[in-house]
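In the form predicted alone, a lone chain appears below as structure tokens.
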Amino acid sequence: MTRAFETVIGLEVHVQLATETKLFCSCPTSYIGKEPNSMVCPVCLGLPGTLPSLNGRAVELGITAALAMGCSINRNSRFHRKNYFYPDLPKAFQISQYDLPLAVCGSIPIFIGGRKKIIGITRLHLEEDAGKLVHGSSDGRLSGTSFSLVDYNRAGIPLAEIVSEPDLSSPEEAREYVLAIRRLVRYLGVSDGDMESGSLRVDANISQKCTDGRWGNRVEIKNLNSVRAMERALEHETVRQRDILSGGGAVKQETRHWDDVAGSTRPTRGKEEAHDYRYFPEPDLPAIVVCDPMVRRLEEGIPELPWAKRERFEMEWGLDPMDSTALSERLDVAEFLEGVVAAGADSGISANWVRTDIMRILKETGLKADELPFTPEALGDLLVKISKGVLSNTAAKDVLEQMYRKGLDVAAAMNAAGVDPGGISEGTLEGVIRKVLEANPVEAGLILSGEDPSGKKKKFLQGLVMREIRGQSPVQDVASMMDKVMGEMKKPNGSSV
């Protein structure tokens, strides 16, 4: 009988919470680009005699993320010491949560090929981050280095670890799950979710289930510093484990390191079990007591969630999945779009403008949508003018630039852009077309003699007219007027080129 395998994946996503200070001390969390070991204090260095003090904002952000995923919030939870020795851990233990986490039993949807799948969330718990090892090799990698240095600026940064159920069955699903988590934490303002800077990191657990009833041991993969690296690592590990099982061997339970250059995993150590860490309650921190009013307050502050907005944008407005996903990724952008549509603009046109022009401006400036110098209602007014034929797309883009650069309202921006609020008159448009035809007699002659079967020459001349009038007439009006003028030129008493 031919063996078949089913891949079983569970992910541990570590999310850096968007607090101003570390989890147990007042050191700032803005350590990126700072001199090594300059953002530390006796507490986060674990010096003798120091005592941790819990950052309440980190608890609120953790609860917010947990509620958005439908988790149950434990009214009483506590911290434990997770004991292990590693150079980036100054205390030789990490303050984390063990059997009494902040939240349990939630879920989050992912979408694969238009199909919705619910992924269970086992738990969300809080913990402090470790420091960072800086390796002396030329490429900064552990492999081939002769020495490593430790930067403790990151030590003590607040993390929410989100542990999934083993509900993921392919690297593709794992990718979509991580993107969904990143989208959610950014949307809620819980974290910036930037994997490049380490604000979101993933450890993957993968095993294989065989149709003959055998299970391969679970392998943990670390050093997954991008979504693509995680996907490649899982693809490699799937093949490696299946080859071992197909050959009658046993997969060793271990932790493996992903080598992105080699495109393979390699063993680093045996996989630890919980008892290996010798967990015991953190004696210097009291239990976390979460009261019902606090949960209600945080719950009331959670907006419509990104996957709900995505589905609504598709169902009500007919947006395609790519647009609806992009436009629901950021709350400020989604709400701005809804404001544009509420102002009377067509939903499809609005979605296109927000995804292209507005997102470009936000990327250039680093602003949020609600910080733009114009309102969604103003953009809605501009787009309505396009729909009514008052403005062409080209002219409207010029007007938007004036609104953005100078903070003008639509009327003032039209004036600054040299756009006539009444549009180009027929007489003016006809005059511009005659001028363009006279300046381009070869192309005009070919069109008049019927030697432009593809219409390329005509489109070229229409483009010149649109440039002359700065897009202040819809292209269909330009085409219609050009047909009229050239029709007159064919008559005996018509103008000649």
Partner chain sequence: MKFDGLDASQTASAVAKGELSAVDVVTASLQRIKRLEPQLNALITVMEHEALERAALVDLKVASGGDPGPLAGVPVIVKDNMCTHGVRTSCGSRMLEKWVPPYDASVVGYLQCAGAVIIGKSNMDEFAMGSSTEHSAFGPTSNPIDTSRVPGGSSGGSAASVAAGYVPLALGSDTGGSIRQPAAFCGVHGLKPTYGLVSRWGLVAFASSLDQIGPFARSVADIALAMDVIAVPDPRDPTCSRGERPSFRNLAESPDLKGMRIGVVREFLGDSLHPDLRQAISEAESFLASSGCGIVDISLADSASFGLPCYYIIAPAEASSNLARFDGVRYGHREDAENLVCQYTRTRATGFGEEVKRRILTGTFALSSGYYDAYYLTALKARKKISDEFERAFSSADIILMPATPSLPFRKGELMDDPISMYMSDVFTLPVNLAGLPGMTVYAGLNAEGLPLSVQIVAPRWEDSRLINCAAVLEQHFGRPSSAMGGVY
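Residue numbers count along the first chain shown, from 1. Predicted model, so just to flag it, every value in this text is computed and none were measured.
The same protein also has a form predicted in complex with its partner chain, omitted here; what follows describes it.
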query: Its partner chain in the model of the complex: contacting segment from 281 to 289, 119 to 127, 301 to 309, 176 to 184, heavy atom within 4.5 Å; finding: 281 to 289
query: Option touching its partner chain, based on a heavy atom within 4.5 Å in the model of the complex, out of K222, K91, K209, R232; finding: K91
query: Position in contact with its partner chain when the complex is considered in the model of the complex, options W353, Y152, F313, F79, heavy atoms within 4.5 Å; finding: Y152
query: L45: touches its partner chain in the model of the complex, heavy atom cutoff 4.5 angstroms; finding: yes
query: Close approach of S26 to its partner chain in the model of the complex, 4.5 Å, heavy atom; finding: no
query: Contact flag, S38 vs its partner chain in the model of the complex, heavy atom cut 4.5 Å; finding: no
query: Any non-hydrogen atom of G450 within 4.5 angstroms of its partner chain in the model of the complex; finding: no
